[in-house]
Ligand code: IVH
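In the form predicted on its own, a lone chain appears below as structure tokens.
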Amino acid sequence: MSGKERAQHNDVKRIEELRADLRHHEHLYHVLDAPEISDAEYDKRMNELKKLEAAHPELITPDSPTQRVGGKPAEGFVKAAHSRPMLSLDNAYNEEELRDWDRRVHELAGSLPVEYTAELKLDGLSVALHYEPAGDGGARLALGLTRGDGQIGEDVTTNIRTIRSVPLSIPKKLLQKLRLPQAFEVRGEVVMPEKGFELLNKEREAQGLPPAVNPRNAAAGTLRTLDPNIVAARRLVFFAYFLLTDGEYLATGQNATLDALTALGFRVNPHREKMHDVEAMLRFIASTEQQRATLGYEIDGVVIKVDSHATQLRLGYTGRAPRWAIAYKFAAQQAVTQLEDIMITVGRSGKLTPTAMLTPVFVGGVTVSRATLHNADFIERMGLVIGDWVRIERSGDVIPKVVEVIEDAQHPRGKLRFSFPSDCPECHNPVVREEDEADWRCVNADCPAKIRETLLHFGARDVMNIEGLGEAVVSQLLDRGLVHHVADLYTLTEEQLVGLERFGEKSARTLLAEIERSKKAGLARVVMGLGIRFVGERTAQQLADEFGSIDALMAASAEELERVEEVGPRISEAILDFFALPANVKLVESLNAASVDMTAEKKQRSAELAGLTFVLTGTLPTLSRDDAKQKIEAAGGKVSGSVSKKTSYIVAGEEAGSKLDKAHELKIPVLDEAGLLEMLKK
């Protein structure tokens, strides 16, 4: 071996030694919080590796510690679909709601085991990390997606790579030890520690910028920063809590999943506990709330999950959340501040909403300067006067609200009385209030505020998901007369957008691409986007499943609409009223002309059980709750969660609970599984 070859061999060996060493110390520092060397020594070794790789660029690999940050700032984020939806969680706010959830879990689980794993509810940004096979038999980080709308997220891989608690690669031996394939997915939460948040706000203050509101918003904003060098400087932390293969959760159960993630080198929150009953849950919640201020990062509650994967499968999902998990939100936090003014805003339905303008006050990890006042009657009941001192309350993500007026020697009452407007503050047309409603509404179809809010709603992440269609853009589109309703979005041109403030050719093309992509969102999203009163995400999906096309929905009678689960007379009347207006029919026609997809895969139903409502309770011998529900709905029947006089039959299995007692009380016929199957057969 020549001297040159020997030197190269030594360099290759040293490169591998340094990479292994740096990965080891990154894990100690960023995952285990147990550093063994100083930052200066770490930097010294990193610089040595950079010099060696610069001398041998052909040896640089994507998972080298030097490759966490690099390249030019991105020009934008591409969207990609999740392997399975990233769903929300249902919430519990007190012991009673937690016990109700526990009872429902046991009812649905039947004879299957029910054991829980409790974890902290981190207040950050949910992400999904995809690993793909590497040439050495291990796995490498290939894709990092934000939660987005739950169905589609943004590719922020370059920024995820800068988070040092995220492994860039997983060795073959670990995958083999845990019997995992080379391709898998890890889901978790990106958070900004409190120290990093304080440092960020000091930097913003020095730059003359307003402070970031809270660590969660700061983490979300950082992860969507186009320059990865800035992201790296913010020192975000990733906590892992789910492991998926082929789009399915690990079959070993939640607690074992957390152990597997720890073994793979991910940072897993140490505050977790297995438990069997509500009493243990309440102890864990109380203990966590006491430790909350000392954790060094924001949490807003506790997440409790059924541990067994088999039991999770039995419990299944609602339209938006797993039945096997719940988020217990901590009690609302309160503060006292002064009411400076009351502002009226006009929503897309024309509703006039009063908002309290407050002297800014820090509460629940957020600086609050506004709070909801609901409606005119609420202001009158509270006896609110501008200048009053008020107690406000904030709970989790719920909009802050005014809970009482404070009156004492230190908090004198205000003097300026507020008069609710009789005219719309936007278009100045008279407002009206229906006899049985609490809200005042603007009924002018051309009210600019209604059009603006409708456009913002249409483009929202959980509706048509048009990234970039924010308030500033919508306001300019309306001011310049480029749009008058949502269908006009699909006629916009690059030339029109380039004329807007802060719009260049690239940003114009990006927005147009987002608008074009939204055409494929499907019927349920379009129905949500139309803004029909009382029709939210779940109802829109049920309507799409039932009718399969916008034409069928528009032609449906009240009776046909009310066959859909959870659609009663109020909702059916709202749908009929909406499509009775010629302007709304014309809007649908315009969307159709723009090639917006307004179809869905229609659930096939027969009519054997049409008009009948069933309630399921207890554990059936062979059918899961979801199986029985699907069979009933496929035969035209309706399944309700509660027993009432409108219930036609109750289907009862083993360990049937209070629903069966109520059915006997109301003299409702009771079927067992065999009776239900016989009815379906007939």
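Because the structure is a prediction, the values reported are computed rather than measured. Note that residue numbering follows the sequence shown and begins at 1.
Although not depicted, the form predicted in complex with 2-(butylsulfanyl)adenosine (IVH) is the subject of the following passage.
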Subject >> The unique member of 455, 528, 120, 575 whose heavy atoms fall within 4.5 Å of 2-(butylsulfanyl)adenosine (IVH) in the predicted bound form >> reply: 120
**OP:** Could you check which residue among 337, 375, 444, 126 gets a heavy atom within 4.5 Å of 2-(butylsulfanyl)adenosine (IVH) in the predicted bound form?
**Re:** 126
Original post:
For the chain seen here without its partner, which of 447-455, 434-442, 80-88, 285-293 has a heavy atom within 4.5 Å of 2-(butylsulfanyl)adenosine (IVH) in the predicted bound form?
Top reply: 80-88
Original post:
Is the gap between residue 328 and 2-(butylsulfanyl)adenosine (IVH) in the predicted bound form 4.5 Å or less for some heavy atom pair?
Top reply: no
Original post:
Does 2-(butylsulfanyl)adenosine (IVH) come within 4.5 Å of any heavy atom of residue 418 in the predicted bound form?
Top reply: no
Subject >> Contact test in the predicted bound form: residue 101 vs 2-(butylsulfanyl)adenosine (IVH), heavy atoms, 4.5 Å >> reply: no
Original post:
Does the 4.5 Å heavy atom contact test between residue 189 and 2-(butylsulfanyl)adenosine (IVH) in the predicted bound form come out positive?
Top reply: yes
Subject >> Residues of 634-655 having any heavy atom within 4.5 Å of 2-(butylsulfanyl)adenosine (IVH) in the predicted bound form, listed in sequence order >> reply: none
